[in-house]
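In C-alpha cells, one chain follows: the form predicted alone.
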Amino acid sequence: MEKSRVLIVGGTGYLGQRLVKASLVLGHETYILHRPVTGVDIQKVQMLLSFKEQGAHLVPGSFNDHQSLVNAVKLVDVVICAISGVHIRSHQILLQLKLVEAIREAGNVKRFLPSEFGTDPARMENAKEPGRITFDDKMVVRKAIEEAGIPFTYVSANCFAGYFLGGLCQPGVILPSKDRVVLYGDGNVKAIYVDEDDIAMYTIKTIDDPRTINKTLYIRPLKNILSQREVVETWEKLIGQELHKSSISEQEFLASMKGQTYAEQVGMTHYYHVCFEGCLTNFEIGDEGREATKLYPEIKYTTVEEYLKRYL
C-alpha cells in the first residue's frame, strides 16, 4: 500500500521534531509547516534545514494566513498537529480551529491527528480548575473536527518520560536526585510513562492503519505502568542506594498551589489527577479506543529502567 503524505504542524517543537523523524524513518513523504518568523530563530532554522537534507519538504504557512494553511493541507493526505498545549510554554490548542477550517475547505485530508498526546480529555469532565482548561480546549477542537466530518485519530500518550521520569514524578524537576524524593501520598498510585521517541513512532504507525480511524490510540506499555514508588525503587536499584523519602498529602499538595502562577497551577492540577487520582489507569479501553503496543508489537518500546539509565 502506498504510504500517506504527511504534514506536521509544530515540527520543530519538543514532540514535533520526533514526529518528523519517525515519519521520515517509516518512509512517508513528509512536509513541515513553518512560519516565516522562524527565520529569527537560528536553532529552528538549522533543524528545518537538517530535516530538508533528510528528505522533508518545508512548507511556509501561518495560522494568521488561512490560504497558506489551505495550500499546505492540499499537498498531503494526513495532517498531524503538535503545537504546544503546555501552559508553562505556550497554550495554543484553540489555534487548531483554524487548521480544522482549512482541512474542511481543502477537502482532501484522509485523517487528522490534533495536538493531544497526554491524558484523554474525554475522561476529564470532572477535572479541577484551573487545569481543566487544557482538557476543555481539546474537547472544543474535537467537537469541531467531528462536526466538520474530518476523519481523525486521537493519541493519548500519557506521561512524557522526560517530564515525569527525569524528576522521579516531581513537578519542576527534570533530573533524578541521588539523595531524596517527595512521594505523593503513599506513592502507590499507578501512572503510565512513555519515551517521547516511542510516542512519535506509535503515532506515525497509526496514520495508514484502518483500525485506528475515528478512534483514540492509548499508548500503554505494560512494563511502564508503575507507581511513583516503583519508579523510585527502579532508580534506587540503578544507583545502588536508597533515597530519603518524605510524602505530601492530597490536601497539602492542593494547598501548595496557592500563590503560584496560573501556568504553574495548571500543571500542578494535572499532576494531581495523575498522581493522586490515577486518571491514566482507572478505566478500561472501550470500543472507542485501541492500545498501541498490542496493535504494533514489532515496536520495541523503551522501558522505565532503560530510560532512567541515561541519567547515570
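All residue numbers are counted from 1 along the displayed sequence. Just so you know, these numbers come straight off a predicted model, no measurement behind them.
Beyond what is shown, the protein has a form predicted in complex with a small molecule; the following relates to that form.
The single contact residue among 225, 75, 86, 173, judged by any heavy atom lying within 4.5 Å of the small molecule in the predicted complex, is 86. Only one of the listed residues (168, 189, 82, 100) places a non-hydrogen atom within 4.5 angstroms of the small molecule in the predicted complex, and that residue is 82. Contact annotation: residue 127 falls outside 4.5 Å of the small molecule in the predicted complex, judged by heavy atom distances.
Mapping the unseen interface onto this chain, residue 57 falls outside it, with no heavy atom inside 4.5 Å of the small molecule in the predicted complex. Interface membership of residue 35, defined by any non-hydrogen atom within 4.5 Å of the small molecule in the predicted complex, is confirmed. Using a 4.5 angstroms limit between non-hydrogen atoms, residue 15 touches the small molecule in the predicted complex. Contact with the small molecule in the predicted complex, judged as any non-hydrogen atom within 4.5 angstroms, is confined among 143-151, 159-167, 210-218, 238-246 to 159-167.
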